[in-house]
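Heads up, the chain below is alone and in the form predicted alone; it's given as structure tokens.
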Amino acid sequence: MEKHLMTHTLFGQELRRDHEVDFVAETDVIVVGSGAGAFTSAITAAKHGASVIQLEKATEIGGTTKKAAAAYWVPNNHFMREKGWADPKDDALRHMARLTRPQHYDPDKPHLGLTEWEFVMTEAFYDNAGPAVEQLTKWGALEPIPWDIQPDYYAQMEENKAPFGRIIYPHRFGGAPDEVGDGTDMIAVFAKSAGEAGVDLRLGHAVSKAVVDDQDRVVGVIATTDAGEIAVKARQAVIFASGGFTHNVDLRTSSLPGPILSGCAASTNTGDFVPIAQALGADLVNMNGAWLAPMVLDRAIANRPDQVCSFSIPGDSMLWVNRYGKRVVNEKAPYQDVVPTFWAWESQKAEYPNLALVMIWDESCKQHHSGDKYGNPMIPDGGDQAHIVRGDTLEALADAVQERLAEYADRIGGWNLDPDFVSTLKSTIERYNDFASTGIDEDFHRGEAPIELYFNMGGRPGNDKNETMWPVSDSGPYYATLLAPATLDTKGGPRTNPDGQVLDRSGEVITGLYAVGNCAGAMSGGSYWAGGATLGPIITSAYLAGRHAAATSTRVEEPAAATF
């Protein structure tokens, strides 16, 4: 059947016809980006015989991956199988479906309550994640280290039959055999492998347009460089792995379901692929989805390229309160689950009472739990403590918090503490201390889930009731910082098939166009399955996209219709 040609009138500025441009370079496959998804696609395509040019917007490689802990979640991986740890497909799919669409979940339905597309994509992830990691490891593109001590975020759920073993970390580049690394190490290994595979990596190339032929097939890109715009031709495919739209304030504000003050994605993640995909008629999905996490308000306002979210906040004589001095959340819950609390709306006062949460701790908590890993706000003495305020009394602490909030009034709508904040806070602390003395948090069940204990990073000596709780001291000094809603990155974009091919609104493949990672629509909805549930699916989909793109013929056949 002849495919109807698009006129490209609405978003024409993001597209060029091939007869209108002069290509300065030509290759089989173009990959846009240089994070885990981009490198995986580039290496895989090269290993399958394709020539590859990789274009990175920034002047350094790594994207958001370089800033991350870089765990990747891989069901039924080879480490689990070697240990005899079962992770059956049906059970794993039920677990992921339960988290993705809890309001629709039904284990007796064919798709478990997921849409057909979500189910097919989730099934493809389970089927291919393990083989992808094994193949990338054989190529030297990954150096995986199993991390069996970290539970899944929802290890306690009935549907989770394999709560340990799915999480893998990168090896420290050049380190001891079992030394765990992070995103910097993962990117170093990827870059080395890509170089050995012959990938032509070019920095400072911001892709802003797609080039299409007279059959509306994607045949190249336009990139902006210091020397001006250049056109690069792709004989087989263009794979976008350019990240989400965390740092596009307009798109973020109009798409996400609540206030987001910033994010820790790479500063180049401004949603460049969204208008290109729209211009090509792509079907956008999950645009209201994001990988959420709290961030210190001072860091969110500063919006520095090196800023991080607070993924793991240890501490026992520590609690979070809203502008009224009330606890409103389990402070140890997974970071994704904390953020919707910031979005609570008070209709009679027409306000977000939790727009920022005041994290308060005492001197003993500082001594036992200070650190700088995973965004811990309790920075040790000698480190950067500019975001921390101090008071010898709760009254003095509240005054310091109010002064800090006043500095940011124009960024947070004048949000500040209620006049009765201190008196309510004292009652809140008294109630919290009663819970801490018994080890049972009757309000929010803090410390009852395995991941909450893991994130606390150990308790203080003598605490044999609940290592995440200890009475707050009745005397100062006290410390506080402000936490705000943020993202690791967004996860909305064009719908793809399991091979990463972008689909139009009729469900047909847009020939020559692929998307992987956070620039593509995620099948996980608003959920965050576990630590590494970002990079696990990203690496898997990027592997499949690179393999498929390398095997694609050079524009001689019409694409097959999608099945969704």
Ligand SMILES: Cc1cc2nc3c(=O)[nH]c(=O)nc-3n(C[C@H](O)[C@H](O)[C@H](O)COP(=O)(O)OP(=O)(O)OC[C@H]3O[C@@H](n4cnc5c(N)ncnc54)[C@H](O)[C@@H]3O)c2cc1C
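Predicted model, so just to flag it, every value in this text is computed and none were measured. A residue's number is simply how far along the shown sequence it sits, counting from 1.
Here the subject shifts to the form predicted together with the named molecule, a form of this protein not shown in this document.
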With the partner omitted here, the residue among Ala46, Leu503, Ile53, Ala70 that in the model of the complex has a heavy atom within 4.5 Å of the named molecule is Ala70
The one option of Leu488, Leu397, Val472, Ala300 with any heavy atom within 4.5 Å of the named molecule in the model of the complex is Leu488
message: Within 4.5 Å, heavy atoms only: does Arg495 come near the named molecule in the model of the complex?
response: no
- Query: Heavy atom to heavy atom, is Tyr528 within 4.5 Å of the named molecule in the model of the complex?
  - Reply: yes
Q) Counting only non-hydrogen atoms and a 4.5 angstroms cut-off, does Asn518 reach the named molecule in the model of the complex? A) yes
*Might Ile510 be said to contact the named molecule in the model of the complex, defining contact as any heavy atom within 4.5 Å?*
no
message = For the three residues Ala38, Gly63 and Ala241, which mark the spot I'm curious about, does each lie within 4.5 Å of the named molecule in the model of the complex through at least one heavy atom?
response = yes
Given 96-104, 340-348, 262-270, 211-219, the stretch touching the named molecule in the model of the complex at heavy atoms within 4.5 Å is 262-270
Contact check, 523-540 vs the named molecule in the model of the complex, heavy atom within 4.5 Å, ordered by sequence, gives Tyr528, Gly532, Ala533, Thr534, Leu535, Ile538
